[in-house]
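Two forms, one protein chain; structure tokens for each follow separately as structure 1 and structure 2.
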Structure 1
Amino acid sequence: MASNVQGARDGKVKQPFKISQEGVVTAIAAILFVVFSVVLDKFLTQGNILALLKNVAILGMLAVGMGFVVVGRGIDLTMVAVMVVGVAFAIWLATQGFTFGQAIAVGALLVACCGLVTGVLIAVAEVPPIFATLAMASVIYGGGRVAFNSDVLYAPDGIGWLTFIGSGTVLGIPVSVIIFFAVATLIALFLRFTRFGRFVYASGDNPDTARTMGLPARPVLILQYVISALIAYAAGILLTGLVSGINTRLYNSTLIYDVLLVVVLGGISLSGGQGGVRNVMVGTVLVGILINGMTIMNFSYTSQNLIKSVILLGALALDAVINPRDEQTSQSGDI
């Protein structure tokens, strides 16, 4: 064991110049971007680049929330459930005599409560996050399923701001893209410059030490899930603006795994304490370029999934070769 550690350390010394997974993914994204720009006719146009970003705005926003939790050595599988049920609840309230603004506010409250319960389960009851959030996702979606009969709920007509965030532009940039970048920037600044943000890193890196050092580990953990739930809710409102309604069946789709994939792909380790919003952005952009290019090339669904998986696996494998696991980097909690 000791010699292993020693060997790993020696390896590190021999390799002063280190390529991170983020770097690998950025390089792949850049190569794909150049190849598509050359090969595909109208790929490199302002319109297409904006469409590309708009198409990953929801995925990216969810991934920012997920990344935030993963940095704190958690995982939040409730995000899609919270997103669809929270917004569906708000739309339902709006049909019961509330104004849409009030309904959105009450929905936010419900969503925050969901995050709070999840957080308490993990922080106080000490249920492992993967099980707690998996179970909570079922509870939240199941509750929603009982309350609303239909999978698809349409937002009320004539809500100006909702249409604006869905299809409006500011200086030629779609509002949905601006909102995505705003949320990402906010979380990035929050993680980097606030005391709470540093606590998230500290407790993600080593929860026991963080607690021993006197950090408020439990409140930090609980608040993380509340924030990720609220980000999911914001993504849901954006989605409603984009397509004028919400399809609660998204819960049954692979969206939550795509979100997780973006986070891991960008280089945020599931063992916590590392990475940040920049990693999420890199992962999101790679997935966006891939999907956009393949849609333009009109690849079949099956081959799209195959190519996407192969490229993602390739990125992870390359990272494993460049940054081999050792006692230092593989921690308990790493999946």
Structure 2
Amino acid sequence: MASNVQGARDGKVKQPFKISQEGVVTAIAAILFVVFSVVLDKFLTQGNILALLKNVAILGMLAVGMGFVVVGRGIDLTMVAVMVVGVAFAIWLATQGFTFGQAIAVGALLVACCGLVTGVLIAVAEVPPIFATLAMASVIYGGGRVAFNSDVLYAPDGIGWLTFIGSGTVLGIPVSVIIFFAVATLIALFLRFTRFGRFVYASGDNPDTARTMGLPARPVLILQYVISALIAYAAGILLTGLVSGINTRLYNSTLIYDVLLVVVLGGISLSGGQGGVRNVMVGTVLVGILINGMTIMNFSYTSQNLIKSVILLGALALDAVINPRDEQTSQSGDI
């Protein structure tokens, strides 16, 4: 008490120590890394660490896109569908006489259109994001399945830059990880230092107030989904570089829930207007270590999904307690 009084007299009041979700997640990730390193013989090997980093790069890029949308009080369940269909479409074009560069550019236009339609459905038609993106994901994947006869499409041989981003290293660091950090940094700077980024936070915090104040809430919302789709597409190209092709059945996996797990676990509130790329980074590291450890311990796919689902449920419950829904959310419903 005496120190606080003295601090007040000096104009310096000590803030009470506050434990953030981001700090807790970072600590758990560090503890898991140490425990797995001690307990699992294969964990702290060069090959496994490289595999862990490459897997984290794909998951992290998708989570950066998802986090970008969730900050604006939305959700994007189309990301995996956009990723697999967009890249598969580009590979298919490359077999029809297009150069691979031209095919990649046309594929980017396709996924941007998908993001545009999704954004219009949410911002203009005012369809709740979770329903709009769920339906759009089925439409995109269904359309892709009609067009492609094969589940797996392989990239053309001899594409040097694709091989480089998949298996190349710079100073011992996989290029895929460097690209992930570059995308994450770009989005972080975009959110923090641009007017558009401030609009995203304002719209996510209170959409009605943002519109009343004259902010272009609808165009901002639409552009969020376009950017999210392009990030998913970039993740798909990175994945193609890693495995030389794209498996469209990835849409039926639990990858989209892993992405959500990263975002919520990292501390981005589903209420919108809070969190950022740093939360995505810590969530990505934790989920990446957890999945890698469970794989080495030979947990079955079902067991891994059960554990991740329980963690996701706990993270959602924690988010609801830490960030209670405001009056507007109660009236208009959640995402």
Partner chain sequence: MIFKKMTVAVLTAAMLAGLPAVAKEIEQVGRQTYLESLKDKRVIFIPLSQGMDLNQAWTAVWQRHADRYGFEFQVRDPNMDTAAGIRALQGAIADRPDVLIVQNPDIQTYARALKQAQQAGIKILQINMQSITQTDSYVGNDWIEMGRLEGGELARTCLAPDAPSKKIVWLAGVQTGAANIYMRKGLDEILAENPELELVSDQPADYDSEKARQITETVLQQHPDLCGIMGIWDNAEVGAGAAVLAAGKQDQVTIVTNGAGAHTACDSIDKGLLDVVYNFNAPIQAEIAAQQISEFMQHPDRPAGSEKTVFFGPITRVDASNATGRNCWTIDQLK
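In this text, rigid core is short for the largest set of C-alphas that superpose within 1.5 Å between two forms. Model, not experiment: these values are computed from the prediction. When a residue number appears, read it as a position in the sequence of structure 1, where counting begins at 1.
- Only structure 2 of the pair represents the form predicted on its own.
- The Cα shift for residue 271 between the two structures, taken after rigid core superposition, is smaller than 2 angstroms.
- At residue 315, the distance the Cα travels between the two structures is 6.3 Å after the core is superposed.
- In the core-superposed comparison between the two structures, the CA atom of residue 49 travels 3.9 Å.
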